[in-house]
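In the block that follows, a single chain appears as structure tokens, in the form predicted alone.
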């Protein structure tokens, strides 16, 4: 008789025994703060995980629903836990087993397949842009709700995909100080090309040769966090081939989620799978560790090398700017002071700190679509904090947060959502 497969690796399982049940995670969990039930708290789910691991509970459909509907995997509990419990690793591992047991809904399965195959993703983005153009005059979008998101609030796809219109190598302006690779992710490629152009422009003007590899794949994290680890492996293998290269000084990322994937999740996922007996070679783990050592969020990299920037200029009237910390940047990568350092250095910006800047915006990728009611409560709290400081611009380093916040802001207030690098690029002198 075959021995049953372990649910999680020994290292991940160990976390359930480190939980002291102190409850410090309750205060920072955005879902618990709104639902106020123990099953929604990280502490409660750790205890459920313990009973599942010890065989006292089964991963039923109800248990699966708790794992998916009452957790954003934002990492707030991980950052706040004094005992070092990695709840995110526990919960994402159990999500994987839950999808193996109960399957993945067909729509999600199709979506993940599209994300993992570049040519299908590009074709889908082109078709989506065409469809929105055709039907925009009928005002249909105003009536289509995707959970907590109105389709009308979602930005359109780029006219030309960023990777297609950007040279593979953009040379440094002036004397060369280094060479970097740029991982732009799906959002910049298909929706936020302006952010990508700002990133490349600023880096090249800092004296860096910027290489933008063609054929980049999705980072795989949205797929992985939803439990489909096999599909996410395809994305990892493709990106490791392109980006695990020692001859570059850094791998720059402008998306909080992609950065967290490349920097933290790739090595963790691959080691976990290897420990569970999956065919993961040592060379793949070595590549993931090399890549992780090179990854820098663009705000982090620029803040560390501010002295490489050309002198900035004050243009136009003063702008009141606040900053929203993306979960995968602040809690996932420990990057919070760096974007603020950049914003405070830009002439003509009045930086104002909002209350609870580091709390989740309620997006959580597909969470806002699948669990719209809970997501709406969290988003409403974030919007209130933005309005309180009377900001004209909300800066953030995550395209997912950009979409969520931008879609829900009161349009009559005229507040923009931008990446810090877009504001920085505006302050740089024109090229001569």
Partner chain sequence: MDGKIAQRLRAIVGEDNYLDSVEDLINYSYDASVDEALPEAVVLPETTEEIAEIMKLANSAGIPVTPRGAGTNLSGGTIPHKGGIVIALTRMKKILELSKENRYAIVEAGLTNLELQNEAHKLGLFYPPDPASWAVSTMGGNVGENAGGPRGVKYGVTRDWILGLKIVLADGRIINTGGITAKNVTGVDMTSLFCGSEGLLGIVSEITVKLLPIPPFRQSIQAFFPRIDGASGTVTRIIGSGIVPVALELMDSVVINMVEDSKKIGLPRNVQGVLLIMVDGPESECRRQSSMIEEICIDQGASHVDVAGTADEEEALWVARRAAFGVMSQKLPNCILEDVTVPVSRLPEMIKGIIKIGETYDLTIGVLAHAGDGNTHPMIVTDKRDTDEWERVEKAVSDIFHLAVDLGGTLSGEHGIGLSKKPFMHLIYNEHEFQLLRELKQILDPKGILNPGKITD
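Positions refer to the first chain, counted from 1. A quick note: this is a predicted structure, and the numbers were derived from the prediction, not measured.
The same protein has a further form, the form predicted together with the partner chain, not shown here; the description that follows concerns it.
Although the partner is absent here, residue 32 lies within 4.5 Å of the partner chain in the predicted complex, judged by heavy atoms. Although the partner is absent here, residue 38 lies within 4.5 Å of the partner chain in the predicted complex, judged by heavy atoms.
Remark: residue 293 does not count among the residues lining the partner chain in the predicted complex, judged by a heavy atom distance of 4.5 Å or less. Among heavy atoms of residue 372, none comes within 4.5 Å of the partner chain in the predicted complex. Of the listed positions (63, 393, 377, 407), a single one reaches within 4.5 angstroms of the partner chain by any non-hydrogen atom in the predicted complex, namely 63. Listed stretches are 344-352, 162-170, 246-254, 76-84; the contact stretch with the partner chain in the predicted complex is 76-84, by a heavy atom cutoff of 4.5 Å.
Residues are counted as partner-facing when one of their heavy atoms sits within 4.5 Å of the partner chain in the predicted complex; in 13-38 these are 14, 17, 18, 20, 21, 22, 23, 24, 26, 27, 32, 35, 36, 37, 38, in sequence order.
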